[in-house]
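The chain below stands alone and is given as structure tokens, in the form predicted alone.
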């Protein structure tokens, strides 16, 4: 694609949704630039060892069996966030990841690849709390929760979002929540406190099996797509990339990460003469956003790029530029491009101020709740299939993962100090807190099959002293690296403590023999709001100070949208019509802000893209 109407920077959770919308609804030619690799595409048969092709426009390039070979289940391959290949860094796996200047005990979890960090997520797709849209000063008045619902429905349809199947692990969580006095919520639009099944972008298992029988615990047939198996295999490896069912085409993999749910849909536009075109170019780092300032104002005109394999540079011109590189890379590129900063670019970063509360259970307790299976087996089932919500405070997610990740998340990621040397207030509902190491860690992990972890997701609010700036000390081949800082405020701490107590009480009410609070340091994973509407962007997502430059990723969110996961919220934002997507057609070009209507919705009946 030599003359795109729109350049989208980033093929992660948001860019493919925005590109698909622009091509399908408005007939525009869209070039998506991605810094990382592309898995499951025949043009890149060895994406971490060879540069492969340049660009892909054909949906037939997608190859599910190739994806099976490239994304393994081994924790030290795709699952290792620094040494593995699902990380933030160049596709060339022999080279180091890209450095972030981080000044504190914290961890940033990002993936650079087509699909972005959604190649490495659980698939959870709860909607934002209506409270977090309608009752927040941070959110623009022009957009209500009711306005967003049709686009949640659209994203849920495209990604096959549905209630997750339950396993023994979830039954124990539900037992504890019921005993603690909480009711089940039966609405996707959550306004009350209670527990509910997760809405996941992971297709349920059991629609078909190789022997034509419904899937149950006695099923011992093949889990291959070629043998008739469809949907999720319940092997619990979604966080490690999840290329299942094996042999399935890319678009029919069970977990609808962005490279599975949205990228094929975007490439399909190239086979329809009534639509625009979508091209995706991986291994391409954008180093500068170019502007024309000759008419008094500033207007985006294209980007400078660098091939991450060869180092070659080039310039691509376009009528409109869309930033969808995420909460760290979007402000970093903005600042490295010398674009205007009136004090909020990169600021206001939220991350759901996580914590982790772990319960270890006796065999008899679990067997009394699950007499048929007797164990919770954290590696069985979808990574998170049930949750708790308290609008205005945050949420909890019941979590199951593979052993290496469990040992790290449950016992080795903390800011509380060593557990044997960390006092516990006798009035608190947990028995220990902090690091668990050595023989005690071995003892704890020997109970892996009867261990349950609950993730705390606080409804933290944006603060101007949190966020991304340019490092004064470090640069790489793409300019100054991001300087990242996050510090919770007193109200965020209070909400996290309240949720941690609720999680511990759920464990205790379910009969846990030991409850441990990890007290995590900041984990920057559910990042939002570093390029906020109302501060850097207008409510259409267009920059206040640069015409034809939009932000269509989760950094544009005005706050943390409560305690759900951000993926459906940001995709909803990307899939919904914004200024450039209103009033344009196949033979017209995106209008400037002055000539465009404000953020408009197509109406509740609009469910097609």
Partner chain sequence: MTDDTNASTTRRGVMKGVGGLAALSMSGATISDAQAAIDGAVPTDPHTRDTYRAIVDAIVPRTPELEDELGPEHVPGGLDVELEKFLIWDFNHFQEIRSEMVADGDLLSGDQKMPRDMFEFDLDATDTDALDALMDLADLDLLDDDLDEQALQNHLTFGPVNRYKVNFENLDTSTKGAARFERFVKTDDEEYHRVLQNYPYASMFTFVFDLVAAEFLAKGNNEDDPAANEEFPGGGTFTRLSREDRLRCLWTIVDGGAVDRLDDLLSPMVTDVGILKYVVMACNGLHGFGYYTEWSGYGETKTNTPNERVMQVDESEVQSRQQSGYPGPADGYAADWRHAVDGGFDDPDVEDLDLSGDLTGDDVVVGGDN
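In this text the structure is predicted, and so the values were computed from the model without any measurement. Numbering follows the first chain given and starts at 1.
Below, we turn to the form predicted together with its partner chain, even though it does not appear here.
Chemist: Its partner chain isn't shown here, but in the predicted bound form which of 482, 276, 205, 261 has a heavy atom within 4.5 Å of it?
Modeler: It is 205.
Chemist: Name the residue from 227, 491, 314, 341 that puts a heavy atom within 4.5 Å of its partner chain in the predicted bound form.
Modeler: Filtering the options by heavy-atom distance leaves 491.
Chemist: Contact with its partner chain in the predicted bound form for residue 73, defined as at least one heavy atom pair within 4.5 Å: yes or no?
Modeler: Yes, contact at 4.5 Å.
Chemist: Verify the contact flag for residue 360: yes if a non-hydrogen atom of it lies within 4.5 Å of a non-hydrogen atom of its partner chain in the predicted bound form, no if not.
Modeler: Contact check for residue 360: no, nothing within 4.5 Å of its partner chain in the predicted bound form.
Chemist: Using heavy atoms and a 4.5 Å limit, would one call residue 304 a contact residue for its partner chain in the predicted bound form?
Modeler: No - in the predicted bound form, heavy atoms of residue 304 and its partner chain never come within 4.5 Å of each other.
Chemist: At the 4.5 Å heavy atom threshold, is residue 102 in contact with its partner chain in the predicted bound form?
Modeler: It does: once its partner chain is placed as it appears in the predicted bound form, residue 102 has a heavy atom within 4.5 Å of it.
Chemist: Within 4.5 Å of its partner chain in the predicted bound form: all of 55, 284 and 432, by heavy atom?
Modeler: No, none of 55, 284 and 432 comes within 4.5 Å of its partner chain in the predicted bound form.
Chemist: So which stretch, 262-270, 322-330, 189-197, 361-369, is the one near its partner chain in the predicted bound form (non-hydrogen atoms, 4.5 Å)?
Modeler: Correct option: 189-197.
Chemist: Output the sequence-ordered list of residues from 221-240 with at least one heavy atom within 4.5 Å of its partner chain in the predicted bound form.
Modeler: Read in sequence order, the residues that approach its partner chain (within 4.5 Å, in the predicted bound form) are 223, 233, 234, 235.
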